[in-house]
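One chain follows as structure tokens, the form predicted alone.
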């Protein structure tokens, strides 16, 4: 295996329930993140929200419960099928699920708020990452808000070890990290569960405050605030996350 080879379509095989699911995330964390989203954006009940990519739609479902009109978009058929079942079980009518490559959206001034959570940005090369932001900008109404939440590149570079062992539920994971260049990280995950090992790879463009600011402004956004956590603490070098609140 060429450890420096890039697979641009990695996301099609990585985001499968049998390999990566969101069950390990506590409900309390989701609720705290949603509270931040509502307060930081200033949105009101009935406003239209785009959650992209939504993954298992944990934010979308919580926002729909709070009477927002939500569009949850993701490429993973499995995640969306599960999310639809959860929405039906709770009787939610104000949430729409869309299966699509996030780079190929074509919304125009439809949403009051767009959210990109849980380090779901940086999946592609510079051209496609920028294209995605431009399409988000186009999808928002004038004065609309965009909130993006990623891991802090500075913290990651200073604290990332080449290999990490982790135990999640009944599974054991070995995560290997290879820097392809100064800003692109190749993640090789080995998951051992029920005596079987599966390996998947994903790629991530890592951003710090300066580089994220630059690409957001290039896409047309006005960056209003940058936080280091969902408790509204300001970004520091040792902050694990970068959360940017932007306006169109």
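Positions refer to the first chain, counted from 1. No experiment lies behind these values; they were computed from the predicted model shown.
The protein also exists as the form predicted together with a small molecule; that form is not presented, and the subsequent description refers to it.
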Original post:
Non-hydrogen atoms within 4.5 angstroms of the small molecule in the model of the complex: do 15, 20 and 117 all have one?
Top reply: yes
Subject >> Contacting member of 107, 177, 75, 137, with respect to the small molecule in the model of the complex [4.5 Å, heavy atom] >> reply: 75
Subject >> Option touching the small molecule, based on a heavy atom within 4.5 Å in the model of the complex, out of 173, 128, 101, 82 >> reply: 101
**OP:** Although the small molecule is absent from this view, report whether residue 59 comes within 4.5 Å of it in the model of the complex, heavy atoms only.
**Re:** yes
**OP:** Give a yes or no for residue 11: in the model of the complex, does one of its heavy atoms lie within 4.5 Å of a heavy atom belonging to the small molecule?
**Re:** yes
Original post:
Quick one: is residue 155 in contact with the small molecule in the model of the complex, heavy atoms, 4.5 Å cut-off?
Top reply: no
**OP:** Classify residue 50 as contacting or not contacting the small molecule in the model of the complex by the rule of any non-hydrogen atom within 4.5 angstroms, answering yes or no.
**Re:** no
**OP:** Report the stretch among 50 to 58, 192 to 200, 179 to 187, 208 to 216 that approaches the small molecule in the model of the complex to within 4.5 Å, counting heavy atoms only.
**Re:** 50 to 58
